[in-house]
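Shown next as structure tokens: one chain only, the form predicted on its own.
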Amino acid sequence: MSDMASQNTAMVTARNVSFSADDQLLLNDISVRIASGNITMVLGHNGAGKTLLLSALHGLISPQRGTIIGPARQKQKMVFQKPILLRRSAREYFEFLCPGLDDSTVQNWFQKAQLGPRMTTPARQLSGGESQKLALIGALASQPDLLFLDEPTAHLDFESIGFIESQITAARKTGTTIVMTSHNRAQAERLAEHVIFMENGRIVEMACANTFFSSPQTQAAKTYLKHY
């Protein structure tokens, strides 16, 4: 095993996982152990298999081979790069994501995200940054043990990025295990504690973040970091 997560309890473990679609091998013999209570960043070029890996670990797709062991689905949440917004108000969408909260708690989450005035707005009329913040607070309010984030700040404004990163950091401090993808190297260096680097559906390198960014071991990772 690499230095990644070697001293920590695993939150989710994949062993020899493979997934194919349309006769194309998209995840190729993936074995990985995600440490509890840390931020793990999954990096790689477009098409490397990052989103598919998150979907498999979260249980949204069923691999043809291998096993995945993790917490119960009700203790996990996933926020997509572009949230799927339902035909309901922002508040109703939040309550769909995280039912059963009292009115004061719901309002506090909206105020924290600076979405208070938008509670009655149809969710589909929110801006990109607003909709992403709504999806994130809906996920965080349920206090998941495991949170998957797929490019949570892609194409967002500076304020939205700052809010989302602050919430990721806060969730980490309260014990949530976070697995996320990003194409922003500066963001990855700010947030990551561990890195999984993928290429062509395979994991080609795993390391503590400091080691990965300062001394990548594979040529593929070295080439990637030169361009990001």
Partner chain sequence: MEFLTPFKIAFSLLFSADPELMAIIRLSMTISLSAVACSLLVGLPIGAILASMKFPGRQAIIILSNTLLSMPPVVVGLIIYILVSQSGPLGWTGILYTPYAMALAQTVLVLPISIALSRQVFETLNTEYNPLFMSLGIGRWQRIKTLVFDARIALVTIALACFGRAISEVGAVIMVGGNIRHVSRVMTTTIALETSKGELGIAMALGIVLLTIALLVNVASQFISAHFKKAGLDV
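It should be emphasised that the depicted structure is a prediction, and the values quoted were computed from it without experimental measurement. Positions refer to the first chain, counted from 1.
Heads up, the form predicted together with the partner chain isn't pictured, but that's what we're talking about next.
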> Heavy atom within 4.5 Å of the partner chain in the model of the complex: which of V106, L156, L97, L146?
Replying inline: L97
> Between the options P71, G128, G116, P122, which residue brings a heavy atom to within 4.5 Å of the partner chain in the model of the complex?
Replying inline: P122
>> Counting only non-hydrogen atoms and a 4.5 Å threshold, tell me whether G59, M78 and L86 all contact the partner chain in the model of the complex.
In response: yes
>> Quick check on F110: any heavy atom within 4.5 Å of the partner chain in the model of the complex?
In response: no
